[in-house]
Every structure is written in structure tokens, then in C-alpha cells.
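The form predicted on its own is given below as one chain in C-alpha cells.
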Amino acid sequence: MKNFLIIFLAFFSSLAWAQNTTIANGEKLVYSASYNMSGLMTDIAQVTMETSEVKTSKNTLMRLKCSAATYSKMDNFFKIRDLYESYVHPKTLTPYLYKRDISEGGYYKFMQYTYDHKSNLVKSLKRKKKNNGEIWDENKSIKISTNTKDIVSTLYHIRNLDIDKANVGDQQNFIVLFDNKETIVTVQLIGKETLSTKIGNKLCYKLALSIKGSDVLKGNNANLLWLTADANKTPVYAKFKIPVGNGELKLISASGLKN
């Protein structure tokens, strides 16, 4: 169950840079994550997505923060404390800094990307913990494509897309930098469905996702995401299938929506 949060973040992608008309500072989305354990779908963790304003000496940025923590009853079984965050331009959602700090059942990893968009370069820092507890760092400079983004800024970009202009069956590839490698993610519009959610009955876009050259997600149209078909494009439900099982992500509360 390593990289728990990435399974959920992988349900999002984007096109090229676009003006942000969807995401506001102060938005907070809370989800319950469940996993199929011995044939029963069991709630195991809370996933929170929230935004805030951050001022630096030169810029005002938007912090996109995604965190996951197992419920207390599950901590003895497999304790998870994951944090992913991206600091982006508030109007374009262009990322400047990305951090990933994961702790899952004794496994620890920290990643940081610093972007140089003029040169299409990322300065990467990877920090891991050896079995003896010793910490070691690895620094790299990575050449990236023009529209490559980290998983968190990618997550929020999809909500700025004009999905209403797409036809059922349309699909597109996107590039996500993860673990210092560019990964191709394919998102396809399956159709629309009305779901009963914690924020009411919502007409939603139904999207299918796959990752090229990876076995993180399994099955054909088995990994699905529902976004509200309105100006907020709020993620309300997701289903995923991985090599060791399947699970769900359900919205339990939403506040601070822009529209």
C-alpha cells in the first residue's frame, strides 16, 4: 500500500496552462477512502484537499495541499500519514514548488521539485530513510516537457478544462512528473451520470483513467472519476483497481467553493 495518496491523485489530469476560473483560496474537500478487505468495502482513511494563499518576498501563490491519514482504528494495521502539496500561480495554476512527504507502515520518502519553466528544468531533491534509520539525499536536475506538471497541480488543472465541449469517447494524454520520471496519463470522457452525494444530487462527468507503462492502475475502464458538471467541477466520487485490490473515494464535505 505504498504511495497511498497517489492512487487517488492519479484520477486527475490537465491540458496546457489555462486561466483559473474554478479554484478559490479557502476551498476544502474532505473524502472517506475505503478499500476492499476480505470482500467488504472498509473505510480506512480520510483524504483532504485544501487551498490557501501564501505570500513570499516576490509573489503571492496558491498552496494546493492534499493529505491522507488512516483512521485511528486502522493505525495499528497500517498507519498512513501522507502529504502532497504544490505552490502555484493563483491565476494560471502554474507550479513553482512541489513537495511530497509520505509515511506508510514504516516506509518514508520525501520529494521536492523546484521548477525553472524558462529552461524547462526541475531541480529535484529525494530524501529516504535507510533500514538503520540513516537519512540520505539525492539531488538531480531533470529536463521536462513544456506542459509537464506534478501530480497535485495536475489534479487541480483538470477542473479548469472545458469538459462540456468534449464528446463522449474523447481522450487525451497528459504528462505528470512522478518519482523523477515523466509519466503519460490518459483521461477519457465516458459520459454523464447523476449521483447522490453529500452535497446533493449532482449531474457529473464520468471519466476513465489509465497510466501508460505502469501497473499502478489495473483493468479496462475500472478506474473512474466523477466530477460535478457545473462551474466547480468538484470531484465527488472515484473508483480504483490496483494489483492488490480495489477501493473507493467518496466526498463527505465541501466548503469554500468558488462558484
Partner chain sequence: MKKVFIVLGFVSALLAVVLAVTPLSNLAIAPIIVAFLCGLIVVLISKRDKKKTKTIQYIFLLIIISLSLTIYKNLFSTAELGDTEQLEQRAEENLEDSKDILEDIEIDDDF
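This is a predicted model, so every value here is computed, not measured. Numbering follows the first chain given and starts at 1.
Although not depicted, the form predicted in complex with the partner chain is the subject of the following passage.
Chemist: Just one of 46, 51, 232, 210 has a heavy atom within 4.5 angstroms of the partner chain in the predicted bound form, so which one?
Modeler: The residue from 46, 51, 232, 210 that makes the contact is 46.
Chemist: Pick from 175, 144, 83, 166: which residue has any heavy atom within 4.5 angstroms of the partner chain in the predicted bound form?
Modeler: Residue within 4.5 Å of the partner: 83.
Chemist: Of 87-95, 158-166, 176-184, 132-140, which is the one stretch near the partner chain in the predicted bound form, taking non-hydrogen atoms within 4.5 angstroms as near?
Modeler: Checking each option against the 4.5 Å cut-off leaves 87-95.
Chemist: Taking 4.5 angstroms as the cut-off for heavy atoms, does residue 74 touch the partner chain in the predicted bound form?
Modeler: The answer is yes: residue 74 has a heavy atom within 4.5 Å of the partner chain.
Chemist: Does any heavy atom of residue 114 come within 4.5 Å of a heavy atom of the partner chain in the predicted bound form?
Modeler: Within the cut-off, so yes.
Chemist: I'd like to check something about residue 197: if you look in the predicted bound form, is any of its heavy atoms closer than or equal to 4.5 Å to a heavy atom of the partner chain?
Modeler: The answer is no: residue 197 has no heavy atom within 4.5 Å of the partner chain.
Chemist: How about residue 70: is it within 4.5 Å of the partner chain in the predicted bound form, going by heavy atoms?
Modeler: Yes.
Chemist: Which residues, if any, of 22-38 lie within 4.5 Å of the partner chain in the predicted bound form when only heavy atoms count?
Modeler: Heavy-atom contacts within 4.5 Å come from 37, 38.
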